[in-house]
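The chain below stands alone and is given in structure tokens; this is the form predicted on its own.
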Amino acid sequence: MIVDVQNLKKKYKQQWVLNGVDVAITEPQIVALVGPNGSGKTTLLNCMTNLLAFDEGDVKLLGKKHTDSSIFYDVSYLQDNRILYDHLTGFDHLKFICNVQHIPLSRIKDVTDRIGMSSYVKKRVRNYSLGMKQHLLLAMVIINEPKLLLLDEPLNGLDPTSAVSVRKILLELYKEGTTIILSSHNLDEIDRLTHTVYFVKDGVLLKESLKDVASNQYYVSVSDLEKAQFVLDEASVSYDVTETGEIVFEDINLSLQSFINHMNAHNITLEKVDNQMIGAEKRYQQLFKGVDHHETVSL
């Protein structure tokens, strides 16, 4: 058993933040934790890694009690950048981990090259941007080649290019046999990483496969927008138009080929077609409709 969490309960004052959480992972996979701010995602990860005491329940990681410090030879947990020391360099952080875990220092070059931070790894962290700090945190948690990787908002502060790079690394780690549990507000990136999502709501986890709700959303530019809208309205097709004049529709309402056929029949040219998979966002809106996504609860 890779992860075995049973009836985990955690209370702050009189409020149950986690109220009977169960997680069972038996084979390598990528799992996403999704929920509004204050729903308990970080609390759950902190409890699992023995950084926070809980009221009831049992946690085992890789077959060992979560209180067994030896698990951290094979388990890593990426927290936020408050754990970093501004006066030290990135290299200092990585060297410390290597010394503590008896990892060859040659691993530092391997990891920093893989992440793309070799050019600044010897600069002091106080001079790092938010994205550079996220890169360092990622380097720190993969340097020991973990079998289980827990990530709290790993994509926070990353520009699009860096986010793509990190996603690529996480998918590679999964293919190499690493189980990954990550929390994220970036629902687009979650859709690109996994269909297995634990929605955190009312103190419990709702495990779902987004394959059941996932769909492709198309953004299409055409030669004659007004005529295209008339054609789609005549066909009673559900669609939207962006501020930049792109027609937007989901394949559950209209297949791309049907759209093309409609346009060709009326001599309307397709100038550009983009698409993206939507699943996590759709289900999130269904579960948390009316929830203030920016509400923050101090946990």
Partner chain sequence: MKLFPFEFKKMVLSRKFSVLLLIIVACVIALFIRNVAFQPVITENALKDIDDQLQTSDMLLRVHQYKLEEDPENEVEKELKDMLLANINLLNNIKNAVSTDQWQERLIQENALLKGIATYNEAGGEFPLDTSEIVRQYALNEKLLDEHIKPESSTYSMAFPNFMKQVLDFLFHLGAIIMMVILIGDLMTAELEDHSAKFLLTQPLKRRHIITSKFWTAISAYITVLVVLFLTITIIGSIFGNEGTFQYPILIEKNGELAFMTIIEYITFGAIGVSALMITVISLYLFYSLYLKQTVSTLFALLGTLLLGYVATTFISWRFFAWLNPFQYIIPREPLLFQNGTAWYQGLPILFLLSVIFYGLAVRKIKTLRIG
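Numbering follows the first chain given and starts at 1. Model, not experiment: these values are computed from the prediction.
A second form of this protein, the form predicted in complex with the partner chain, is not displayed here; the remarks below concern that form.
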{"query": "Contact of residue 46 with the partner chain in the model of the complex (heavy atom, 4.5 Å)", "finding": "yes"}
{"query": "4.5 Å heavy atom contact, residue 130 and the partner chain in the model of the complex", "finding": "no"}
{"query": "Any non-hydrogen atom of residue 174 within 4.5 angstroms of the partner chain in the model of the complex", "finding": "no"}
{"query": "Residue 102: touches the partner chain in the model of the complex, heavy atom cutoff 4.5 angstroms", "finding": "yes"}
{"query": "In the model of the complex, segment of 216 to 224, 80 to 88, 166 to 174, 196 to 204 with a heavy atom within 4.5 Å of the partner chain", "finding": "80 to 88"}
{"query": "Of 26, 69, 261, 269, the one that lies within 4.5 Å of the partner chain in the model of the complex (heavy atoms)", "finding": "69"}
{"query": "Contacting member of 140, 108, 149, 125, with respect to the partner chain in the model of the complex [4.5 Å, heavy atom]", "finding": "140"}
